[in-house]
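As structure tokens, one chain now follows by itself in the form predicted alone.
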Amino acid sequence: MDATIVEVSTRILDIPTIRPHKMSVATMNNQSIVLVRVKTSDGIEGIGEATTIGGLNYGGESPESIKTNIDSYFAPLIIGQSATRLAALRKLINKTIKDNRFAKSAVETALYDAYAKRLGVPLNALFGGAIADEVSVAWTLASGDTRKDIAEAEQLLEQRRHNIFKLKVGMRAPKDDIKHIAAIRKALGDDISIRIDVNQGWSETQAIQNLRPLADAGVELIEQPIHEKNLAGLSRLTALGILPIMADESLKGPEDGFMLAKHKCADVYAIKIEQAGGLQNARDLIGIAQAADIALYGGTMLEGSISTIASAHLFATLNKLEWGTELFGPLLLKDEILATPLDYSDFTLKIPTGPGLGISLDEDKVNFYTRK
């Protein structure tokens, strides 16, 4: 008999970060995670996660709205539906509920986790199976203090945890950011990779003026330097060919991916399962990038371990992930909600081989961090 969905539950977990994480859009001192649990009639439970950056500072969904909308709209819609017809569930959800990409991603992850558990296979098997058993992971330096960032990077290099670093810039004058970047490059040497993320913090004029100095300072990639809606500007920056331009906030899903490819607005796509609206949308977006010869980067919404490893399962199925990933979100948190933490070692994140996501929750930790 076909398994049906019998329960959908949500809770918000508030977990402190190991240090303030400073970006042009917000400074984070904790991460609020919406944990979604989907139970089915055959006794299987799938889990998913939705996170945002700084509440509503990054986009139109917040942890509170995600929880409310899942409880009020998603749960009544899918309870009683088949838990094995995932395409039909996606069609039903997308027909009935507009936008809400982060909430859709959390629910879809839980459904895929349960389905893969039912089959006894890792989640990546639902996308053709893993090509790699690990993915490289960049670390974001975002304390805002040059000396602290250098010390942090040196420690991570010594621990063999990260040798790729992304710097958050855009809060200071560009000339000050360039001094900051150059000092870090000089201290760490030429064997490490440095990228920067402006989070839309510059005007197009500022970006044009600073691309060459950034390249001279040792930057290899620049992420979303200007406003997400300025597609013509992104196209002009990409055409200059000074530094590879990566689209992030401009990518809300496959439709955006098609438009950016059509107008040559980026050299690289930052793929985020939550921002794309779920695992399948992210895979569709990847297909557009591959067809348009646009390089790929595995992005993060600074998620906890659930969305992080869901993303890693998807990225492990790709034959090319030219710019690696930045799936470091769990390492930014002071505590872990998994019974066994994810394996970050030798500059990579290892892909679990167990059924579904291959992880299990530490229920005591989940209860401790649940918002009362």
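Just so it is clear, the model here is predicted, and its values are computed rather than measured. Sequential numbering from 1, following the sequence displayed.
Although not depicted, the form predicted together with a small molecule is the subject of the following passage.
- Interface residue remark: Asp267 is not counted as part of the site for the small molecule in the model of the complex, having no heavy atom within 4.5 Å.
- Not displayed here, the small molecule is kept clear of Arg283 by more than 4.5 Å at the level of heavy atoms in the model of the complex.
- Among residues of the shown chain, Trp323 is not one whose heavy atoms approach the small molecule to within 4.5 Å in the model of the complex.
- Taking the partner from elsewhere, Leu302 is found to have a heavy atom lying within 4.5 Å of the small molecule in the model of the complex.
- Note on the interface: of 314-322, 65-73, 52-60, 335-343, the segment with non-hydrogen atoms within 4.5 angstroms of the small molecule in the model of the complex is 52-60.
- When you look in the model of the complex, the only residue of Asn210, Thr140, Asn124, Ser250 with a non-hydrogen atom within 4.5 Å of the small molecule is Thr140.
- Of the residues His162, Lys272, Arg195, Lys104, just one reaches the small molecule in the model of the complex with a heavy atom at 4.5 Å or closer; this is Lys272.
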